[in-house]
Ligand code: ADP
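Take a look at this single chain, the form predicted alone, given in C-alpha cells.
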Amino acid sequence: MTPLLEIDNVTYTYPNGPTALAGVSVRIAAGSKTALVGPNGAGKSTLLLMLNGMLRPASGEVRFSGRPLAYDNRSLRDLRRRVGFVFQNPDVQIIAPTVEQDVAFGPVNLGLPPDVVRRAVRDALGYVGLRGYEKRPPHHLSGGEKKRVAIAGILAMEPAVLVFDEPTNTLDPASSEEVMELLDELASGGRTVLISTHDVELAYRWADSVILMERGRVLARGPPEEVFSDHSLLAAARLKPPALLDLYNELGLRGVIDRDVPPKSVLEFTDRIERAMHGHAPARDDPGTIYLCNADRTGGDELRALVEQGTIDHVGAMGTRAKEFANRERILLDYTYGVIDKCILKALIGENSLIITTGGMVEHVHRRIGEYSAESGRALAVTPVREPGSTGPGRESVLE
C-alpha cells in the first residue's frame, strides 16, 4: 500500500542558520497516529512544515497520495485543505475578531457558498465543544479554548490529515488531556493525525508509531514500546524513557515479571503483575458492569436516575461534547481522561461505571473493551443506557 505521506531524503537549512533536516526519510500510513519525538532543535517542527508546503525542501521530495508536492498557489491551496496544520501557539493562527469569523476564514477563502460556510463553522465548533462561543473575541479565551478554536478552523475545511506542532505546549494538565482526547476522537473517525512533542509520556500512551529525531536526523521509527525500550537511542536524543516502561523493564530485569510485549497502560501493567503473582489474572465471578451512554441520544434524567439509585459507582466522560453534557446535566465526573481503562479496572474489582461519550467514540469504547476481553480472557459486560422513548431494557453486550 502506498503511504499517504512520504518524505524522501529531504534536507533543509534555514538562512544563516543550522541544518534543520539532513537527509530525512519518513513514511506516514493513512489512518495512523504518529508522534515525532525529540528534544528542542531536533527538526520536528521543520519536518511538519514540509507536509503542507509551508517550507520547501532544499533537496529531496515530499509526496502526498503518491504524488510529489507542487508549490504553485493553486496546488498549495488544495494541499492545505487536505493537510491541516495547527501551530504550537494558537495566537499565531487566530486572526479574526470573533471565534465565528476565525473558523469561517478557511471555508470562505476556499470560495464555498455562505450556507456551506455556516454549516462548516457550526459543525466544527460543535465538534470541539465551542458552540455558543461564536461571537466571543478569541483574546478573551483560555489557552485550551484558543487551541480548540485553532483546531475548529482547520476542521471546517474537512482535511484528511491533521498535523499538530506541540499540541499541549503551554496548556495546564487538564487542558492537555482534553486536547489529546480530542485528537484520539479525530483519529477514531478515520483521520490521519501527526504530532510533534518532546513529551515521551504523552507519545508512549497515545501514538501507534513513533519517529525519534535528533539534530535533523531520524534515529529510529517504530511502535513506541520498541523505540522507547532502547535506552542508548533515548540517551542519544537526550530523553528519558516513559516511567511506566522504565518500571516494567526494571521489574523484568529483576525477574519479578516476565519480559514480553511492554504494557502501554496501567491496566495492562496491573494484569501483568497479577499474572506474575498468581500465575494468571484472577477473575471475579461477579465483575462490574460498564454502562455506556451516547450523550447525543440520551437525556440527563436517565443518567441521574442510574447514579442516584446507586447503580453506578464511578462516572467518566470522553470528549468535549460529553463533558459539556455532564456539566449541563450536573452529573459529577470521577474520570475525565484515561476513562476506558479506568472503568475496566473498576469492573475487574466488581464496581460499576458509566462512560458518557458521543459519535464515533461509542464504537471505540466497544472495540477497546472487546480487545481487552479477548486478550485477557475476562468477559466484561457493556450495557448501553436506554434512550428516551425506547421500550424494554438497554441492550447488553458481553464481549468475550
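These numbers were taken from a predicted model, which means no experiment stands behind them. We number the residues from 1 along the sequence you see.
This next part talks about the form predicted together with the named molecule, which is not shown.
Only one segment in the set 60-68, 348-356, 327-335, 33-41 has any non-hydrogen atom within 4.5 angstroms of the named molecule in the predicted complex, and it is 33-41. Mapping the unseen interface onto this chain, residue 18 counts among the residues with a heavy atom inside 4.5 Å of the named molecule in the predicted complex. The named molecule in the predicted complex comes within 4.5 Å of no heavy atom belonging to residue 373.
Although the partner is absent here, residue 52 is not a contact residue: none of its heavy atoms lies within 4.5 angstroms of the named molecule in the predicted complex. In the predicted complex, the named molecule lies beyond 4.5 angstroms of every heavy atom of every residue of 236-267.
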